[in-house]
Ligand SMILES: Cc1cc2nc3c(=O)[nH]c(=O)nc-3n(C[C@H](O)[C@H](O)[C@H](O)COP(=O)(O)OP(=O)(O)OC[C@H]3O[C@@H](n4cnc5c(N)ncnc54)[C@H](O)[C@@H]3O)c2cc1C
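In C-alpha cells, one chain follows: the form predicted on its own.
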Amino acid sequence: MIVGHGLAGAILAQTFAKHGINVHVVEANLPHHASPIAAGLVNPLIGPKLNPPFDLEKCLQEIHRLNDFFSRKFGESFYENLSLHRIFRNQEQANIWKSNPSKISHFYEKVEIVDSKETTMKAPFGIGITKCLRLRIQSFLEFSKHSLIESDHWIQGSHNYDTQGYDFIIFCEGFRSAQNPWFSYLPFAPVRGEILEIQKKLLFAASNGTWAIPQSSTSFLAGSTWDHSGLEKGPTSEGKKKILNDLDFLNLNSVEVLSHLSGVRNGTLDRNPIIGPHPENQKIFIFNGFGSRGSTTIPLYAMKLVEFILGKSPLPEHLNPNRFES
C-alpha cells in the first residue's frame, strides 16, 4: 500500500507497475499539498552557483525510461522539452557560465552568453540558454489516478495506519508526515510556495531564480516563493508582490493575474530525501522529502526503492531515515 498520491506516490505506484507489481494507493485529497500546483521543471542547472543536482545524469536516464513506460501504458508523454533562458544576476554567474566546466557543458543549449540586447529581457550580465524538461504533473496525476481506479487499486479517503493485509506500507504524505505516528520524529523542512498564472504570452521559459514558463498560448506561470512559516495560510499579497517584483527581467508593465495558488513542498535539513524502512518495523516505509527537485529526482529514487524492496540492491546511506541521529 502507498499512502498519498502526490507526485512521489504516483510515480512510485507507476514504478511498481512497471515492474509488474500491483499496489493499492490511498489518497485523502487534503489541501495545501504542492503537487497539484507544481510547475514540474526538470532544470539541470540550479541555484546561484548553477550547480547540477546530485546524480543528475542518472536522474535524466531514469526519467527517459519511465516516460517510455508512460507512453506505452497511457499513450501519452508527460514530459516536454524546453529551452530555459537563465538570466544572470551578477558577474559571478556569468563567469561560471563562461568557464564552461565539463560537468555541465552538455546541458548548455548555447555555450556562449547571449547579450540582453538580442532579446526583450532586462539582463545586464547576460543570458545563458540551457536544455530543460517540464513534467505536466497535473495531467500525469489524473492518468495515474484513473488507471488505479480502473484496476480497483484506488482507495479514496484517510488512512488509519493499519498495516494488516499488506506486505509493505509506504508513506508518501508530503508535509503531513509531521503528523504520522511512525515518522513524526524526522526533521523535515517544509516550505510554502506561491505561484501565479499571468495573462500574457511568453515564447520561452526564463529564470533568474524566479522562473516563468509558458502555460498556454495566452498565459504563463511564475514562481515560486519560499516561506517556512504559516504553511497552511494559502496565497498572500506579500507572495504575489514578491513574484511580480522578481519578474523585472521580463519588463512587464501592467499585468492581469489569472490565478494565485499556494502549496507546501516537503524538504529536509540536508536537502536529500528520506527513503527507507522504519527502524523498528521493517514493513513500514517512508518516501518523502524531495523539496523543489521532485520532478528531477523522484523517478530515480522510486526505482531505487522498488529494487530494494525486491531485494535487488541496497538503498544509498545518504537516504537513510536514521542518518540524523547523533
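Just so you know, these numbers come straight off a predicted model, no measurement behind them. Residue numbers here begin at 1 and follow the sequence given.
Another form, the form predicted together with the named molecule, is not on view; read the next lines as being about it.
Asks: Please determine, with the chain shown alone, which of 38-46, 64-72, 51-59, 274-282 has non-hydrogen atoms within 4.5 Å of the named molecule in the predicted complex.
Replies: Stretch with heavy atoms near the partner: 38-46.
Asks: Would you check whether the named molecule, in the predicted complex, lies within 4.5 angstroms of a non-hydrogen atom from each of Gly9, Ala34 and Gly157?
Replies: Checked in the predicted complex: all three residues contact the named molecule.
Asks: Is there a heavy atom of Pro299 no more than 4.5 Å from a heavy atom of the named molecule in the predicted complex?
Replies: Output for Pro299 is no: heavy atoms all beyond 4.5 Å of the named molecule.
Asks: Under a 4.5 Å heavy atom criterion, is Ile169 part of the interface with the named molecule in the predicted complex?
Replies: No.
Asks: Does any part of Ile195 reach within 4.5 Å of the named molecule in the predicted complex? Heavy atoms only, please.
Replies: Contact check for Ile195: yes, within 4.5 Å of the named molecule in the predicted complex.
Asks: Do Ser224 and the named molecule share at least one heavy atom pair within 4.5 Å in the predicted complex?
Replies: Yes - in the predicted complex, heavy atoms of Ser224 and the named molecule come within 4.5 Å of each other.
Asks: Using a 4.5 Å cut-off on any heavy atom, which residues of 256-283 would contact the named molecule in the predicted complex?
Replies: In sequence order, Gly263, Val264, Arg265 come within 4.5 Å of the partner.
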